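Shown below, as structure tokens, is a lone chain in the form predicted on its own; questions about how it binds or moves come after it.
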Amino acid sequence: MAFSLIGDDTAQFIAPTPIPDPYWVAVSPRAAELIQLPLGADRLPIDPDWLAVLAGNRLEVGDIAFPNPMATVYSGHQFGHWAGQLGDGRAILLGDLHGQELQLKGAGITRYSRMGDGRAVLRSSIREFLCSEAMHALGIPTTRALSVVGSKQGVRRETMETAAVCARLAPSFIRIGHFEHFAALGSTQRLRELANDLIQNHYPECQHKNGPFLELFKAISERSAKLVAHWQAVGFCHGVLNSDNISALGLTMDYGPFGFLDHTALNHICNHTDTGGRYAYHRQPQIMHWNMACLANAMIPLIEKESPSEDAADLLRGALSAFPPSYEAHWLTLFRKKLGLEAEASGDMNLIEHLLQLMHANRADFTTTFRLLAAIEKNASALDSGWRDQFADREGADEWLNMYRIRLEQENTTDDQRKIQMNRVNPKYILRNHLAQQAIVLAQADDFSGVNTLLDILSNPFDEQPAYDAYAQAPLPNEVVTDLSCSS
């Protein structure tokens, strides 16, 4: 658990609220392996009692019991403003299994629900389930999704929908918001417990350093910089990067109005309630840096105790200043790989940014453009029609291709070698919102085949999978999904 001493000021011990007549929607075989959960040929747990457990209707299965389910308290900044006390308003942590915390999202009202109903809906649960597993397959740190269990119980959002519970897994669900909460209360003891738990269980490299708490901050900031660089490299938009939605382990978490870029718009906003564009795609690195500043501010009391002869704020500001160059280094490494560049050249940043601006101006499909780039040959005289078809500005595309071919002359790999390497980092398949929506519509009619088909495809995003070529296509104009909000 997150604290050495769980008390009323840190969590509420509360059992999930049962849902009526639960039924399986989907289970992730790869996530099930994390907790050694045996599945049958139907890809469902062999022990049928798991349905009730993952629905929140019982707390034991076989010789496994969860005697102390809880919801934890945290605070945070939402859309740049201090929101005060928040907490697990619809998520209940059951306990630990094989190094993973098992949490049920949509498990009912807790004392932190505020005006919420504590429930999740089938639509949002399917989206989180699919994207969690898709991000893992892309090699991006993330919480995992074990299952979705549905119920015909009505839940009102913008319209009446049906309830669902998404079972999530993570080594820890500690957030930046946990630090902010105890800092706001002036509880240095709880801050210390929180930091020590992270160091002992997740950042052991900080244990024996001079100033382990400062080293912990640096390590969290470094993981977060690397995480957001991964997001940018696959065109992922989180949508709600509030400080309470930021993992202290550098994991992608709290999937809501997320979206992958289809037709490239570097200023794309995936959350229609984000009217100011605070969390637009191109601002995500800046916002993550801002969230690390929130963490730094919360950790000042720890650094003051740890280094009494130095100015804690100055130490943290110095550590925080490492975020931008760290992010840029990770970003450049990832995009070099996307372009099949092994050597480093001084003009690489300009080459990459030129391509991204060209894609933005032409609304080229983000994923397809990078995937097709692997087929470009160093000395080809062909028109490279597949790649060029992504751009209305063919002259601009040809100009960039000429620059790219000149750059490839500095590489020692053959065209075939480069293609293999590029196809290992440039996915063919990502979770496009219109595909998720199609699966949701089927599921709402009690047909879960679309969810499972997408799960299978997205579990192998770099493979060709020719039978599923249609799933690699950008949405048609009438298929674009834009109405996504925090309730999504």
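None of these values were measured; they are calculated from a predicted model. When you see a residue number, it is the position in the sequence shown, counting from 1.
One more form of this protein exists, namely the form predicted in complex with a small molecule; it is left out here, but the text below deals with it.
- In the predicted bound form, no heavy atom of Asp415 sits within 4.5 Å of the small molecule.
- By the criterion of a heavy atom within 4.5 Å, Gly118 is counted among the residues contacting the small molecule in the predicted bound form.
- In the predicted bound form, the small molecule lies farther than 4.5 Å from every heavy atom of Asp262.
- Contact annotation: Glu161 falls outside 4.5 Å of the small molecule in the predicted bound form, judged by heavy atom distances.
- The contact with the small molecule in the predicted bound form, taken as any heavy atom within 4.5 Å, belongs to Arg114 out of His282, Arg114, Lys209, Lys152.
- For the candidate set Arg278, Arg90, Arg407, His330, a heavy atom within 4.5 Å of the small molecule in the predicted bound form is found for exactly one residue, namely Arg90.
- The partner is not drawn, yet in the predicted bound form one stretch among 185-193, 285-293, 308-316, 118-126 has residues with heavy atoms inside 4.5 Å of the small molecule: 118-126.
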